[in-house]
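First comes one chain, alone, set out as structure tokens in the form predicted on its own.
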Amino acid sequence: MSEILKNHIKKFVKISEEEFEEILTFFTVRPVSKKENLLQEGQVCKYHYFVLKGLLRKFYINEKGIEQTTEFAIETWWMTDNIAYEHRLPTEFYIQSVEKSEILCITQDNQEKLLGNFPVMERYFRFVYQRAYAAAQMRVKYLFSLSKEEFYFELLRKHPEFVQRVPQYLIASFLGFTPEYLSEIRKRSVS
């Protein structure tokens, strides 16, 4: 499983086998059950998660008591509540596994030590954050410029395997509408 992280790091920076073995010591491996909460609202966010296998989602509970999914993470994607993690604050989010998963966890202290010992990892994390920021920018653009239906079809066009893997009610939560409305859209598209 550690090969997954190594290959991901090597997409962005050069590291030796010996360096990678040392880098790995800053992480802990954690198996996660389906629907297990890794983080709950009100908890201090202590970890940054790297998905080796499985699927995570980040969500909050809105004023109507409805879960609003803001982000997903599949294999080779990172997830945390960045503000709460960086500042060691209680979070306003939940992070939950959608499938049985296996993840790597790193604390902020360990991440700081990792970056101090391996400056090349600063470059790696810069690429990770740049890509995450770019994805967030596109999501905001789609929210403001596309209809809900167009947003769904854009997601389906760009990530068909992802849309088929994630339960329909979570796709609806991510797109900001009800599962029933998503069901209507899907029916119309096959007619």
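Residue positions are given as counts along the sequence shown, with the first one as 1. All values derive from a computational prediction rather than experimental measurement.
As for the form predicted in complex with a further copy of the same chain, it is not shown, yet the points below apply to it.
- Relative to a further copy of the same chain in the model of the complex, residues T76, D109 and L156 are all farther than 4.5 Å at every heavy atom.
- Although the partner is absent here, Q164 sits far enough away that none of its heavy atoms falls within 4.5 Å of a further copy of the same chain in the model of the complex.
- Although the partner is absent from this view, K34 stays clear of a further copy of the same chain in the model of the complex, with no non-hydrogen atom inside 4.5 angstroms.
- In the model of the complex, a further copy of the same chain lies within 4.5 Å of some heavy atom of T80.
- Shown alone here, Y60 lies within 4.5 Å of a further copy of the same chain in the model of the complex, counting heavy atoms only.
- Counting a residue when any of its non-hydrogen atoms is within 4.5 Å of a further copy of the same chain in the model of the complex, the hits in 121 to 143 run E122, R123, F125, R126, F127, Y129, Q130, R131, A132, Y133, A134, A136, Q137, M138, R139, V140, K141, L143.
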